[in-house]
Ligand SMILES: Cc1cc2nc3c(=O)[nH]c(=O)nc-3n(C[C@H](O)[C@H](O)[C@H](O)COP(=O)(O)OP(=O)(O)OC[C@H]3O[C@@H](n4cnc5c(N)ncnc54)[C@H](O)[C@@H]3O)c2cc1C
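Just one chain is shown here, as structure tokens, and it is the form predicted on its own.
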Amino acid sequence: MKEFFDVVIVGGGMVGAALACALGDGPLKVAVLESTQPETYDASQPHDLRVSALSIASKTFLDSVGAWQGITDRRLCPFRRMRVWEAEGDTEFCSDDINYPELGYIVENRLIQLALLERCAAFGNIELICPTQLNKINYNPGQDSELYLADGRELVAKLLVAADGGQSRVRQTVGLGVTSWDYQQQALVIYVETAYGQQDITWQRFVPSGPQAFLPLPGHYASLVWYNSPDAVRRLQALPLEQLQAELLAAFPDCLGEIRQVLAVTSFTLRRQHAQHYVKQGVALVGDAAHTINPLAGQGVNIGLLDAAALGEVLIAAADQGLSIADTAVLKKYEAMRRHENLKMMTVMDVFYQLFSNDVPPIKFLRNLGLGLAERVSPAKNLLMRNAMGLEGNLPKLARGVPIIQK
């Protein structure tokens, strides 16, 4: 038998689950399809390799939908300071300068997802279908979409939402194209135990081979990100962990401190990708299905969560006004809210990447000058900080703590 939903979200990761929570307790009937149930949390578990630096705007959104408590009940690492430097230029940002307790939070991706899926289960208008396998999608503009699951269930959706990642099957099925290219670097992610206790600073140093980043984790742990050429990353990843530890101590700055041990390592390719359109009749893209961004400033998950907040706001407003949530004119309001903002952030990251990825003397002089000016000019420095925290620009209501569903 066919099962009818207003919204079917394909992908129950961080962004897809966040969108569902934004629609929770609302007038729309929602299904979330997720292939894999994330592992339950236990405090004795080692930290996951994949972590995110959540901005203040993301924290506000997650709090607005009732998911933040599920993160704080597990574990996270707040940070108050952020340092950026290279050989001759240096600047450090501190939340005290703009009267905030923190700049952001380092959280394992799985724990964000768990908190959101846990919250989904509390809403009567949301059905989480997990684990599940999607066998087939029938999409025809102007008609409801049909989704066939491996267990024989058939779902019918007025609106199909792609939250299924950079290689989105939904996006490819409905024919929304992308512009993309790979950067000439990869990122090596290294989970380490340090001699230092829990730190309140995240830092990034630029060297000719690429940036080196430090993300603090709870306790005596950290996540290091080493950007380098694909050949160099392959060599480093193939080393025994003890040899990798020696390479880290030789290459990373002294402020890293003693590394007691390297616990795990992974790598990923850096890719820029942007959908040419976020919506068409009966379809919307969110998160990595719409865009992937250079991870230099850790903004990928943050702009994805803002997509979820914006689309939720648009859909609730349309339902309240009696409009069709599948109508292109309605969905374009979401695209107008997010595509330009995301493109702006992607462009800034690209400029940042190009500026710090070469040793041409005039460019090196300009970037050192820029870091020096950022350190000395308080208004400019504070504006940069507010942008990194997600406090500037056209923010959706939920990211400002404003409810979209009137109780």
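From a predicted model like this one, the values you see are computed outputs, not experimental measurements. Numbering starts at 1 and runs along the sequence shown.
The form predicted in complex with the ligand exists for this protein as well; it is not shown, and the discussion that follows is about that form.
Among heavy atoms of Thr36, some come within 4.5 Å of the ligand in the model of the complex. Using a 4.5 angstroms threshold between heavy atoms, Leu331 stays clear of the ligand in the model of the complex. In the model of the complex, the ligand sits beyond 4.5 Å of every heavy atom of Ala309. The ligand in the model of the complex comes within 4.5 Å of a heavy atom belonging to Gly287. Note on the partner interface in the model of the complex: the residue among Phe268, Phe123, Tyr100, Tyr148 having a heavy atom within 4.5 angstroms of the ligand is Phe268. With the partner omitted from this view, the residue of Gln299, Ser95, Gln204, Gln185 that lies near the ligand in the model of the complex is Gln299 [heavy atom within 4.5 Å]. Here the chain stands by itself, but in the model of the complex one stretch of 39-47, 26-34, 339-347, 59-67, 26-34, has heavy atoms within 4.5 Å of the ligand. Annotation: in the model of the complex, residues Asp6, Ala157 and Thr173 none come within 4.5 Å of the ligand through any heavy atom.
Residues Val10, Gly11, Gly12, Gly13, Met14, Val15, Gly16, Leu33, Glu34, Ser35, Thr36 are the members of 2-36 with a non-hydrogen atom no more than 4.5 angstroms from the ligand in the model of the complex.
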